[in-house]
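The chain below stands alone, shown as structure tokens; this is the form predicted alone.
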Amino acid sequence: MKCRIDNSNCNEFLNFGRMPIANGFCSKKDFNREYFFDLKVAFNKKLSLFQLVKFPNPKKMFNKSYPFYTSSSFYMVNHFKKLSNFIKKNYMNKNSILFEIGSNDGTFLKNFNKKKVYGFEPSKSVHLKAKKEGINSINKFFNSKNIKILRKLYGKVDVIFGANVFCHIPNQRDLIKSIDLMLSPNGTIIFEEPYLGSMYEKTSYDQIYDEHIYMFSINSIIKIYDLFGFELIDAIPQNTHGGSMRYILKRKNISKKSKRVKKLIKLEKIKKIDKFSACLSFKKKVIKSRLNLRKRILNIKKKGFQICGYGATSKSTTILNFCKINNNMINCIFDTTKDKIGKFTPGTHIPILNYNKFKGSHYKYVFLFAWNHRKEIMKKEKARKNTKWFTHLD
């Protein structure tokens, strides 16, 4: 296959099989109408880029019923508050204008002067919530077509930000060219994404699903943005989403690179994150992880215990479908998101129940799908003394 960024060759190396939309939580009447695609991954050696071979049309994923609300996580609310202070201190002044790509329900933008910030959010459900909060939310995809009117209205902006969204955008060329058109000469690009190095280290293959078209590394970001006249000046590791990286870029020859980013580049070279060999090693660990997880669940069931899930996450869709875990193995999944409660997991059709019912349940074994929020959840559930929590990473 050809890379979508520079038309160079990619090497396909791992097939997860038929996969539904990760956030496609459905009702019984929709079981026979579910959309499936072949989830395969490949590596572009030239750009050191990990990417999906095929993916659904973004309109299928980011639709009017998109069920993820950033504000539902106290951890993420706090994270974005700290991040906004970091950006205001280092990259903005009182007159600066900031655009967020994929602004969800406005959780991040609430931390700024609302007259100076704007968000692009294609999913209507979360866009409407942001509007109710007084956020300047634009219900469109961020691309060269949709920014034409905005350029006339707002002119150049000083900061363009995105969190866990740049990897969702298939056409990176159009994305970066659109950013270039909107950004002031000394403007800054700041975005956070799940980090390829963390995924390799944890074998967190559930990071791979329809929305995550790319899994970026520091080297891949450097190589991609170099094609468009930008350079990476800093990279800061984050704990969010099971291991992310914050990337900070400017146009070439404006700012010096930080010592931190230079160290991280060397570390990636040592770990061979920029090489195809790391992909093959990851593949072996993924297959082994699937065998171990199925064995563990079947052993629990043989002992006569029931299993429930905690957190109907988008990541869980990959685990459940790849490992062929259905409602005969996991009774239900408890969740707090109203748009998911009463529905079923994509492809595997495990019922999703209101979290309030979890409090009175007596499940001894709980599959923690929201493992990236383990610390927050364990604090919340400290009263459940005899519960055995487990994940596919254990």
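Residue numbers here begin at 1 and follow the sequence given. Small disclaimer: the values here were computed from a predicted structure and weren't measured.
As for the form predicted in complex with a small molecule, it is not shown, yet the points below apply to it.
The stretch that touches the small molecule in the model of the complex, counting heavy atoms within 4.5 Å, is 311-319, out of 227-235, 311-319, 253-261, 282-290.
This chain lacks the partner; the member of F344, F334, F55, Y363 within 4.5 angstroms of the small molecule in the model of the complex by a non-hydrogen atom is F334. This chain appears without its partner; in the model of the complex, the one residue of S96, S73, N219, Q172 with a heavy atom within 4.5 Å of the small molecule is S73. Although the partner is absent here, Y209 lies within 4.5 Å of the small molecule in the model of the complex, judged by heavy atoms.
Contact check for K379: every heavy atom lies farther than 4.5 Å from the small molecule in the model of the complex.
Looking at K202, you'd find every heavy atom of it more than 4.5 angstroms from the small molecule in the model of the complex.
Shown alone here, K129 lies farther than 4.5 Å from the small molecule in the model of the complex, counting heavy atoms only. The candidate site formed by R4, L14 and K40 is entirely out of contact with the small molecule in the model of the complex, as no residue has a non-hydrogen atom within 4.5 angstroms of it.
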